[in-house]
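Given as structure tokens, the chain that follows is alone and in the form predicted alone.
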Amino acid sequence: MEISLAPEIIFHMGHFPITNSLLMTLIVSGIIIIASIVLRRNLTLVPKGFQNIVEYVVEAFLGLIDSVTQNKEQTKKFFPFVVTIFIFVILSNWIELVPGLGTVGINEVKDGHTILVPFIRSASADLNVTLAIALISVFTAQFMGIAAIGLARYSGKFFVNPFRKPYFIGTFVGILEIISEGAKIISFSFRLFGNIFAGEVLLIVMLNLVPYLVPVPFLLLELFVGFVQALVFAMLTLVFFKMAVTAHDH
């Protein structure tokens, strides 16, 4: 059985290739949009059912974000970004638990061998997707920092006059700050991709070797890992936002 690091192409729209991970990304996005519209149209003063669950999650996240920011205005500003990232990532992670993962697809001939191209592949198991989310997270933090404290003060974190006391040390620290911003993108994207892709491979192997009962603990483990990875991604984004809007001299 061949397991590819790269997402597999299912079909083409004109000259544009549609991969299984892109398809699942669109499905996850559609689920979030439709659920939001349905919730908005059915809001009631006395919550029940799905609205109850959403309000509980919103209150929990508001409290969690407020405990980090210690600022109500910042909490309101960060909340949409952080929670959207959490919801998208956790749904993308849990897609790998859908029955048929890696087993339902189309057969293609590659290098003289017939291989199965699965329809279902977690969006988080595609480095392109995790890299895109990481870029959004890091660049949004930069824009928020500039908007909050101004371009001059924010850039002062990275570009320091080498002839100002303590001489060259500030400049060196500024260079390290620039490197750390790039490192955030790499660590964000590869951490999420590595964990979910490894889990996907593990599930495919176990489901092919022992398809009954034995894979259940691994499914529960991946359910937990998917939640933890989404929470870590969202909380690190929140911390980066908070650091960005705080002047470096503070």
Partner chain sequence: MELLNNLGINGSLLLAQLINFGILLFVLYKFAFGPVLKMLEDRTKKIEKGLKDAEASHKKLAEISEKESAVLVEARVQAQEIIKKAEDMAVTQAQSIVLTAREQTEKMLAVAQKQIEQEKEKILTEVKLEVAGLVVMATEKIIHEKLDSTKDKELISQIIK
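Remember, it's a predicted structure, so these values are computed and weren't measured experimentally. Residue numbers count along the first chain shown, from 1.
Missing here is the form predicted in complex with its partner chain; even so, the following discussion is about that form.
- This chain lacks the partner; the member of 58, 220, 198, 214 within 4.5 angstroms of its partner chain in the model of the complex by a non-hydrogen atom is 58.
- This chain is displayed alone, yet in the model of the complex one of 160, 117, 90, 136 has a heavy atom within 4.5 Å of its partner chain; that residue is 136.
- Screening 220-228, 201-209, 49-57, 63-71 for residues having heavy atoms within 4.5 Å of its partner chain in the model of the complex returns a single hit, 49-57.
- Though the partner is left out of this view, residue 148 does not reach within 4.5 Å of its partner chain in the model of the complex, counting heavy atoms only.
- Taking the partner from the other structure, its partner chain in the model of the complex has a heavy atom within 4.5 Å of a heavy atom of residue 129.
- Taking the partner from the other structure, its partner chain in the model of the complex has a heavy atom within 4.5 Å of a heavy atom of residue 29.
- In the model of the complex, residue 183 stays away from its partner chain, with no heavy atom inside 4.5 Å.
- Contacts between stretch 67-96 and its partner chain, counted in the model of the complex as any heavy atom lying within 4.5 Å, involve 76, 79, 80, 81, 83, 84, 85, 87, 88, listed in sequence order.
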